[in-house]
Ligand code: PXL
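To begin, one chain is listed below as structure tokens, in the form predicted alone.
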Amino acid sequence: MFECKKVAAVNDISGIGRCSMTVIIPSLSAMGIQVCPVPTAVLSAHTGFDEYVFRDLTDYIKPALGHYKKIKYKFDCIYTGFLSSEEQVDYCLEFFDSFKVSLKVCDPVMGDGGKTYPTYTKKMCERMIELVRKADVITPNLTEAAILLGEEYQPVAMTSSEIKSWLVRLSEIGPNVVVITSVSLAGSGLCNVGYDKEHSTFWKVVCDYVPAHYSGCGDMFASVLVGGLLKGDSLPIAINRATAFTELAIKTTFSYSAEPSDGIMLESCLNWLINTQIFKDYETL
């Protein structure tokens, strides 16, 4: 009997502005993977808005985990994202420990563009390292990579040797696979880069630059990367697939002059994921 891969997605739900769960669920579903939401918070709109209604769901996560353990439910992947309290880090660690054979993915959502998100404290950022240490795969953007490494965020192009050093240093915290998104790389332009510690291989996929910023791009990239890995993609092909789909959705959104705060228009692009096409190409870094 055929069984879908199952992903426990520990992340928030934002009503306006496509991001987090409203991106994760359709993207992974289009790839034939079942998403089991474990909401960390409910927001009327994502934190890029000047005002939003915020409801913390810390008290929900532990009993939900208890229920899954009681019924002996099996997840193929535990995938953590936006967290709304330090206590949620503890519960995510419990999820990782409770499903030892599951792929453990941490998207260390903390900030972008050199700044942390409004709901993230210094202590929250420090504790994110605990999740990174237990994860198999992490997908920080360049801002989050800098935070994890205690480095100064610099909005300038990095050399290949510099970004390789960052990738290796992040892997030394714990994860076997490190993917850093939105890296400006000297000689290549905007790239997503990855490192496979087991095979000591470095990869990059070059992205076309679009002069706009949309919410949910990191969530979309991480989701498709997770989907690819669960379906058997090698790391470079998974990065390739995630980059191509995210770029397609960004270009589609830009072409319609859509409001950036509404996020990327993924709805008209999901057929691409269903057909499993790949348009980009990967290179060694």
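Just so it is clear, the model here is predicted, and its values are computed rather than measured. Just count from 1 along the sequence shown to find any residue number.
Beyond the structure shown, there is the form predicted in complex with this ligand, which is absent from this document and is the topic of what follows.
- Comment: 215-223 is the region of 27-35, 215-223, 235-243, 63-71 lying near this ligand in the predicted complex, near meaning a non-hydrogen atom within 4.5 Å.
- Taken together, the three residues S14, V109 and Y117 all lie with some non-hydrogen atom within 4.5 angstroms of this ligand in the predicted complex.
- At the 4.5 Å threshold, heavy atoms of F82 reach this ligand in the predicted complex.
- Within 4.5 Å of any heavy atom of this ligand in the predicted complex lies no heavy atom of V10.
- This ligand in the predicted complex comes within 4.5 Å of a heavy atom belonging to L43.
- Shown alone here, T252 lies farther than 4.5 Å from this ligand in the predicted complex, counting heavy atoms only.
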